[in-house]
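Shown below, as structure tokens, is a lone chain in the form predicted on its own; questions about how it binds or moves come after it.
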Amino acid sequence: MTTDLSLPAMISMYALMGVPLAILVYLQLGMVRDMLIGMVRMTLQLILVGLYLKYIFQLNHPLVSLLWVAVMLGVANFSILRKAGLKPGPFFWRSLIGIAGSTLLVSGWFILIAIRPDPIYDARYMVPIVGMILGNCLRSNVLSLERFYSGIRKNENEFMTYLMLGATLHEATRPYLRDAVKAAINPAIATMATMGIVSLPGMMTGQILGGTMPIIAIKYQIGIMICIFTAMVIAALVNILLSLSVAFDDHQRLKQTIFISEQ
């Protein structure tokens, strides 16, 4: 059994936030408000999700679990586009296809083929696994989309030269696509290369604290990392390719109206 954290223990953890708070104040970074808002939002959201998941696990109904997964996908998709500096309107459904398709494909493979729980739709597996894969895809897609479109904006003359020399849109965007996907997956590759030596991953640690044998926890961690990496690569590529049809005009020029105003 995992040792519960008492109220005084949780208060002591919040007290630890005083250290980075003091550093931010000392450096005058102007991020104190953002940090406090983020901490409060994290606390409230996790408490609400914890209460909600309790009932999802108790009900263990496939439609309820799928509804929660749909909410997760929608919120993640909106967040990806906003953080990448793109207006959600033109891209939302295309981006949703990429993020949902990659996440559900890989999650389904892990659950239906590798784990095969009984029942097969067991919420204790479906919701956390989809959540872990989706959370990592969120970060990688923000990186890939932001890097791709910022790269073209910063090198517009080079990009237009490719087009004037006869390159198609896909050919002209290929160098930026490579850079974007590389930026998205490099952190994951570094994490995999040092996992177990530099860091003990969260899923494995959580299972061990919950009483699972280490070797079983390790197998799950290997499985989830393979799933995460696969979904990240698929989503990063598909989201960029699907976005091309609305990001460029009939003359293959990048539309400035797709970007969120920086003012």
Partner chain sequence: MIVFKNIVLNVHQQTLLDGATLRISGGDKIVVRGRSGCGKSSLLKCAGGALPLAGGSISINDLTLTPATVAAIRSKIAFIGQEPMLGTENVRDALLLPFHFKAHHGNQPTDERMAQLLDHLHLPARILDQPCKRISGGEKQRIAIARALLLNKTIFFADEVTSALDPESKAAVMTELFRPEITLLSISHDSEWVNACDRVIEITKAQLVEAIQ
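None of these values were measured; they are calculated from a predicted model. Residue numbers count along the first chain shown, from 1.
Note that the form predicted in complex with the partner chain isn't included here; everything after this is about it.
By the criterion of a heavy atom within 4.5 Å, A190 is excluded from the residues contacting the partner chain in the predicted bound form.
Contact check for W109: every heavy atom lies farther than 4.5 Å from the partner chain in the predicted bound form. N186 falls outside the set of residues with a heavy atom inside 4.5 Å of the partner chain in the predicted bound form. At least one heavy atom of M164 is located within 4.5 Å of the partner chain in the predicted bound form.
Shown without its partner, this chain lists L73, I115, I97, M160 as candidates; in the predicted bound form, only M160 has a non-hydrogen atom within 4.5 angstroms of the partner chain. Stretch-level contact check against the partner chain in the predicted bound form with heavy atoms at 4.5 Å: of 165-173, 144-152, 119-127, 78-86, the positive one is 165-173. Looking at 235-254, the residues that come within 4.5 Å of the partner chain in the predicted bound form, counting any heavy atom, are D250, H251, Q252, R253.
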